[in-house]
Structures are given as structure tokens and as C-alpha cells.
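Let's start with one chain on its own, the form predicted on its own, as C-alpha cells.
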Amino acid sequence: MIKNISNLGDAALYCDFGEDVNKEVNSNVIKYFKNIKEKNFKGIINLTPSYNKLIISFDLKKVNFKEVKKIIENLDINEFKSESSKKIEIPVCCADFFSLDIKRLEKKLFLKKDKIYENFFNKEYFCYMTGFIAGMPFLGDLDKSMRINRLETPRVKVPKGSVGLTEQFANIYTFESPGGWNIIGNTPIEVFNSSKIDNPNLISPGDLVTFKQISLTDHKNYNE
């Protein structure tokens, strides 16, 4: 559970769940995140979960660090709800036009293209967090044979919908953005929709994701 609670500036609290990055630790982060959010404590204005940390921002006019820290320390985790994860299937096209780094992946991973795709698509992924750009999901855990460092020189523009790999994670670029992930394909799905005020993210922390390979024609016709 929480290893340490400390200040983060004047109006935020930093909950440290340890150094490990795995599903068990992240599930505890998400459990705190969802249940604190639901309880709607006075003065708490924002919650930001990551792999193994939780940042809690608060309004200094309504509450202070000691009060928020006491609230967190006194929570009875046995009362926390364990919500079922949503299961989401994401279509991905791996045509050459979209698979920007497949040759690099073949060289660095010592795997043929077909094997890379086989490993990627025959896997269920766990959403650890969203961030970097709005709604971008960080999905683990890639098999060890599929883990690779970021590009030596990041791209100035990565196309919206690009699906990338880095270290133990896969992700989806929700907007055109600079980035250094190894791009394996592209999805026509709208992963982040700002018009949905209550929940703009298609994929949220704790959700389970699988990818389904589609053709270039299917990708072009998906939203028609």
C-alpha cells in the first residue's frame, strides 16, 4: 500500500506506493484514486495517478496538508470498492504506411515482422495510467522479448492514432504530437473525446485492452 506521504509544493500531497512498476502496485494506486474521488472530500480538487504514485491536489482556502494527510492515513482500505475492469478491443492497422518503426523493431528485437505482430496482438494489456497528452493510455505489460528503448531522436510529429511500444508499455497517441515511441500501427478509434465531459477517455486506469489487426481498407472505412 502507501509507503510514504509527503508535500508536493504548497497545495499538493504525494503518495508513494514504492518503486515497483507492476499490476499489483498500480491496482492499489487506482483503488485509492477511484475511492477518494468517489468520497468527494472537502478541499480535494484533483487526483493524478501514475504507475506507483498518486498526487492529491487541494484548495488551501479549505484544507491544509496535515488535514489531507490525516484523511488519507485514516482511510479503511477494506471498505474500498473493487470495481470490475472494462474490457476494450482496439482495431489497429499495421500497413507499411502506419508501421513507421517495424524495420527498427525487427533489427533491435531480433524478431521477424510477423512474429512481432503475433506477440503484440496475442496479449491482453492493463492500463496503468493515462497522461503525457490527454487520454494517452500506458498499457502493460509487453513480453520481455518485445521491450525496446525509445527512438534515439524523437519525431517532431507522431500521427494521431499511432500505436507505439517502449520499454514494458504500449500506448496510443490521442493527438498528433512529438514523441519517441516505436510506432507499430494506427487505430481509427477516437481514444479521447473532449466533448464527453464526464469521461472523455475511452480507456481508463485499470481497464483491460486487446488489439485486433485490421486491413488498410477497414481503417479507411471505419468511421464512414
Partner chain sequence: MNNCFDIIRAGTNTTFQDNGRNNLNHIGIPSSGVMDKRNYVLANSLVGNKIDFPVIEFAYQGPLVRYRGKKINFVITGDVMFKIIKKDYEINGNCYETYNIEDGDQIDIISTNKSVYGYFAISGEFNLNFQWGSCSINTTAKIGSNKGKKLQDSQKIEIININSIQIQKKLNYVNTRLEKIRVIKGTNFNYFSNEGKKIFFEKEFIISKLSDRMGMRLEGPNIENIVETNIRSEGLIKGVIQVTADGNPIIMLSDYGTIGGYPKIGVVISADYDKLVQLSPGSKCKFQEIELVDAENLFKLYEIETNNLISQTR
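Quick caveat: nothing in here was measured; it's all calculated off a predicted structure. Positions refer to the first chain, counted from 1.
Beyond what is shown, the protein has a form predicted together with the partner chain; the following relates to that form.
query: With the partner left out of view, is M129 within 4.5 angstroms of the partner chain in the predicted bound form by any non-hydrogen atom?
result: Within the cut-off, so yes.
message: If we define contact as a non-hydrogen atom of the residue within 4.5 angstroms of the partner, is F192 a contact of the partner chain in the predicted bound form?
response: F192: yes, in contact with the partner chain in the predicted bound form.
message: So in the predicted bound form, is the partner chain close enough to N26 to count as touching (4.5 Å, heavy atoms)?
response: The answer is no: N26 has no heavy atom within 4.5 Å of the partner chain.
message: Test of understanding: in the predicted bound form, would P49 fall inside 4.5 Å of the partner chain by heavy atoms?
response: Contact check for P49: yes, within 4.5 Å of the partner chain in the predicted bound form.
query: Where, among 116-124, 102-110, 134-142, 88-96, do residues come within 4.5 Å of the partner chain in the predicted bound form by heavy atom distance?
result: Partner-contacting stretch among the options: 134-142.
Sole residue of K39, K70, K196, K157 within 4.5 Å of the partner chain in the predicted bound form, by heavy atom: None of the other options qualify; the answer is K196.
- request: Let me know which residues along 1-17 have a heavy atom within 4.5 Å of the partner chain in the predicted bound form, or say none if there are none.
  value: Read in sequence order, the residues that approach the partner chain (within 4.5 Å, in the predicted bound form) are S6, N7, L8, G9, D10, A11, A12, Y14.
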